[in-house]
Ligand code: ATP
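Consider the single chain below, provided in structure tokens and representing the form predicted on its own.
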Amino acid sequence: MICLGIEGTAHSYGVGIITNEKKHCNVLANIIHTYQPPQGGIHPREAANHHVTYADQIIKEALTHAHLTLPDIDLISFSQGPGLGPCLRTAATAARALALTLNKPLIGVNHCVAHLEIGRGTIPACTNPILLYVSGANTQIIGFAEGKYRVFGETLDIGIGNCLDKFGRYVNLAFPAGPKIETLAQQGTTYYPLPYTIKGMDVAFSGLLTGAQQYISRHKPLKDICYSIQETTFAALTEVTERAMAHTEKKQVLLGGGVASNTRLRDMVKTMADERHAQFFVPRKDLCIDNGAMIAWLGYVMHIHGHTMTIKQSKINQRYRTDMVEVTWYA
């Protein structure tokens, strides 16, 4: 079976095409086009207009890359939520149009769960992990328990990616700011104390963001502030991830989301995993960021395990939480 997935939760519009190969995901194409705001952060309507502009082109590019035509596609899946409403609607509309035109089944999937399943789908050894999901709007520690993916911890205010981007805007770094902050942090040598906020199993970053901005007003070196931001936020994320592993007694940890590309975060989590004699996994970079391949793979997995969806049921859900998904395929 060949599945085409459309991702459109925020600033990235992605189309992925996958097949099943010995019960694991074989990515035939994974084309991504990202909205780049002229200044500031993401404006939902402008990002949606970007998706509309490039939708047809990206679908064609994915098919060309996979050496396929539309009639070869057996299943259409799309990101049903969570995300920005206008962006989600563009992806859903494109998916519905393809499904109706081709007379193929349609599946809407949870974006957060897709980040986890693409790791399990492309890394055979990764079977039962705790997922540290770190992206712009989302920061969650997720694990499977009693029929659902449970959220063992999450951000109480802003996602780690949004924290980095907000600081980036404050110091005039272009969007997305995360990679630029990482480069500056690698040059930093001095740590400035910042609020380290963990409440139970949850984290918060707004106080840290304010503290970092105050160091700017005190003319501290930007590279050292970036270094301090990374050390503090990533340490908090690693701590709550380790707590979730201890609570669930899981011996695997998986990174997902755009911030999972950060080498310092990877090093921290891997060190923690090594000290627990646990396995550490992270998908390749184009499967960490928002992408269509992960949407296609989860759509395929759900479809072969009996999930179906009518056009009327394909309404987007901006607040589609990870733990709302009934997981019937986990093995």
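Only a predicted model underlies this, so the values are computations on that prediction, with no experimental measurement involved. In case it trips you up, residue 1 is the first one in the sequence shown, and so on.
Here the subject shifts to the form predicted in complex with adenosine-5'-triphosphate, a form of this protein not shown in this document.
Based on heavy atom distances of 4.5 Å or less, which listed stretch (239-247, 215-223, 122-130, 136-144) is in contact with adenosine-5'-triphosphate in the model of the complex?
Of the stretches listed, the one contacting the partner is 136-144.
Looking at the partner-bound form in the model of the complex, is G108 within 4.5 Å of adenosine-5'-triphosphate by any heavy atom?
Outside the cut-off, so no.
Hey, in the model of the complex, is N162 touching adenosine-5'-triphosphate, heavy atoms inside 4.5 Å?
Yes, N162 is a contact residue.
Would C25 count as touching adenosine-5'-triphosphate in the model of the complex under a 4.5 Å heavy atom rule?
Taking the distances in the model of the complex, the answer for C25 is no, it never comes within 4.5 Å of adenosine-5'-triphosphate.
Does A10 reach adenosine-5'-triphosphate in the model of the complex, with heavy atoms at most 4.5 Å apart?
Contact with adenosine-5'-triphosphate, yes.
Using heavy atoms only and a 4.5 Å cut-off, decide whether all three of P179, E182 and D290 touch adenosine-5'-triphosphate in the model of the complex.
Result yes, every residue of the spot touches adenosine-5'-triphosphate.
Of T93, S261, T197, S206, which one comes within 4.5 Å of adenosine-5'-triphosphate in the model of the complex, counting heavy atoms only?
Of T93, S261, T197, S206, the residue with a heavy atom within 4.5 Å of adenosine-5'-triphosphate in the model of the complex is S261.
Using heavy atoms only and a 4.5 Å cut-off, determine which of G81, G257, G168, G153 is in contact with adenosine-5'-triphosphate in the model of the complex.
That would be G257.
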